[in-house]
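Take a look at this single chain in structure tokens; it is the form predicted alone.
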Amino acid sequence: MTIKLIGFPYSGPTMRVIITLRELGLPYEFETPANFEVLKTEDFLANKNPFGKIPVLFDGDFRIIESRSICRYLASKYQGKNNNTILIPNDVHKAGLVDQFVSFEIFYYDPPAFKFVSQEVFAEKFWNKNPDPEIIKQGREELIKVLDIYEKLLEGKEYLNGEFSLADIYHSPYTHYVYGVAKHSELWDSRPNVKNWWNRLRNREAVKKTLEEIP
């Protein structure tokens, strides 16, 4: 059964899925739309994503959209089959905590991180807009508070849940953009636990390879 992923390689959500595929040792085909306009065509809306977004994943005839849902599906179906990587623990308590950290990423970490990414990485390159310093300031203030909490949560742990999981993967793309592309590494490096977590995460083979391939 062939797995096909449709997305843009610089897209954070697409990168989440690529990292998950690689962590699970899954071969896949990758299709990049010719441009953003393709996402709004009748064919794309009818047969790929009715909201006109990427990524989209086909596993044979099965189609699924939304990056975090895709990753969870892949882990649920394939983890432990091609290698020993477990992204969703079998223990119900550990699995619940993975979902908890996923919620932290969605509601607390991702929003301020994306303020940096939207303004300092994407604004000029894709939207022909100048970065908005007020949005960047808001993102910085909000992310500092979140990272202060993460510093405590990561005490004595290698990864968010203790062991590597989907929660860590979800954090990877925008952390890379804010840390390395927008050049705000001091936000992580000034917090030892957060710094060690990110260094450990970005040096995983699947994460490192995916980040290196960003055009």
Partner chain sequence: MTVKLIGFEVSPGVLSVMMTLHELGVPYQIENPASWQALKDEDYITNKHPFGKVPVLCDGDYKITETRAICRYLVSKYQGKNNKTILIPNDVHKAGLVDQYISYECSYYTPPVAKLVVEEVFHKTSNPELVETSQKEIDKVLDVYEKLLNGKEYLNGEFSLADLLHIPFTHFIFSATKHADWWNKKPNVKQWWDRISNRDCWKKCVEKIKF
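Residue numbers count along the first chain shown, from 1. On a predicted model such as this, the values are computed, not experimentally measured, just so you know.
Separately, the form predicted in complex with the partner chain exists; it is not shown, and the next lines address it.
- Among heavy atoms of T41, none comes within 4.5 Å of the partner chain in the predicted bound form.
- Taking the partner from elsewhere, F114 is found to have every heavy atom lying beyond 4.5 Å of the partner chain in the predicted bound form.
- Contact between I65 and the partner chain in the predicted bound form is found at the 4.5 Å heavy atom cutoff.
- Interface residue remark: T32 is not counted as part of the site for the partner chain in the predicted bound form, having no heavy atom within 4.5 Å.
- Listed stretches are 186-194, 23-31, 172-180, 45-53; the contact stretch with the partner chain in the predicted bound form is 45-53, by a heavy atom cutoff of 4.5 Å.
- Shown here without its partner, the chain carries R72, H93 and Q100, all of which come within 4.5 Å of the partner chain in the predicted bound form through at least one heavy atom.
- Shown here without the partner chain, the chain has V146, I149, Y150, L153 in 141-161 lying with a heavy atom within 4.5 Å of that partner in the predicted bound form.
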